[in-house]
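Quick setup: one chain, the form predicted alone, written in structure tokens, and binding and motion questions come after.
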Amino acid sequence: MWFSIASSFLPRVLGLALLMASASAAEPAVALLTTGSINDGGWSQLAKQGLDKLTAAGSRTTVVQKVSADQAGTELRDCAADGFDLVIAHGYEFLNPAAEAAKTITTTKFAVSGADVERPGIVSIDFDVSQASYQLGIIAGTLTKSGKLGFIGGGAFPSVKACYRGFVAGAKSVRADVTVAEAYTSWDQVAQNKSQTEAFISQGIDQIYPDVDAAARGVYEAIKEHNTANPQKLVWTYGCVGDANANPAAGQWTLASAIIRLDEAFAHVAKQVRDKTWKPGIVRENLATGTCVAVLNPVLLKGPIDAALQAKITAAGAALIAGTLTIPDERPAPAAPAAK
């Protein structure tokens, strides 16, 4: 009798152990907070696409969009109360609210996507697109006829300024006399960005790199109108964060895009939660991790972006990854600690 009871009990024990092991390895439940619309064609939409990959991998997910600064703390706490293991707050604006929430909530992990500052209790995901922007700068410095380049950012955030610095450094690496005008406009005002692009073009700028999310449509529209009217004085452009190489307005004049593979970055953080290796701090995503990369427009590879230029871009990428090539950091050095 004892043997028969033990025999019948053993499969149930093994089954329970397998169930517990399966549960411990289950994909984490993930909530995403965005400041913009998930249909913005840029930063927020890419985040939603990244979240979709986690959904496909087995995570329970939800997205809360158009979260303002004064709503952020409440939304973060609500997601924790709803049992989400990980909340990805997508935007530098969420840095302080997430750090505040982490002070009192320990069952949910918080990650701020697009922040380069460390805060206790949270992960900051720093997307360093400067290296991919350097590669775009090589293209711009090589192909410019006027020697005048332009950069338009939606806001002077550290991550945006990093793209500017990389673009400048890359351009000057092949043509030391280039100038790069910079302007900071908005993320969602198409007309404002179109006007800024027209102003740049009127100054003789013939390469324009926008980092303005959905408002890049204004940049591309202005370039299309100019190039259609002036086919002998073409202005070229680029994409940033998302792949704009086939954008409907100026895809034929978009040489390359410096993109962020948010699905890969989000998967890295979710894996830490699943594997219980989560550690607060800054997670660096860059060219070496394969998440922040330059993508050349395939339709232009037999045109302006010839084999010689492609070789320069590839070599620069390898040097950036190896650390033998670095991008100058124009930010002020941290202040020395006060003497005790």
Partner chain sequence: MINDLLIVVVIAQTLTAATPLLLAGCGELVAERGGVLNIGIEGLMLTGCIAAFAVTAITGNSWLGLLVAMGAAMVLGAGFALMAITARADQIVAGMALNLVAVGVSGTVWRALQSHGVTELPASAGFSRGWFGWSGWSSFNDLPVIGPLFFDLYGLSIATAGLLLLTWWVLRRTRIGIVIQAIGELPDAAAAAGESVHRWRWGVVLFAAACAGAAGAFLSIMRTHAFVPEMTGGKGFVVLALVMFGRWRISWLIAGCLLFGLADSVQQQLQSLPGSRALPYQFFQMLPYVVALVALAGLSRSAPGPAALGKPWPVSR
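Here the structure is a predicted model, which means the values were calculated and not measured. Positions refer to the first chain, counted from 1.
This protein has a second form, the form predicted together with its partner chain, left out of what is shown; the following refers to that one.
With the partner omitted here, the residue from 144, 195, 173, 227 that has a non-hydrogen atom within 4.5 angstroms of its partner chain in the predicted complex is 195. Screening 206, 85, 221, 128 for any heavy atom within 4.5 Å of its partner chain in the predicted complex leaves a single hit, 221. Within this chain, residue 66 lines the site of its partner chain in the predicted complex, having a heavy atom no more than 4.5 Å away. Proximity of residue 120 to its partner chain in the predicted complex: non-hydrogen atoms within 4.5 Å are absent; the residue sits far from the partner.
Remark: residue 108 does not count among the residues lining its partner chain in the predicted complex, judged by a heavy atom distance of 4.5 Å or less. At a distance threshold of 4.5 angstroms between non-hydrogen atoms, residue 217 is in contact with its partner chain in the predicted complex. Comment: 183-191 is the region of 128-136, 236-244, 261-269, 183-191 lying near its partner chain in the predicted complex, near meaning a non-hydrogen atom within 4.5 Å.
In the predicted complex, its partner chain lies within 4.5 angstroms of a heavy atom of only one residue of 26-63, namely 39.
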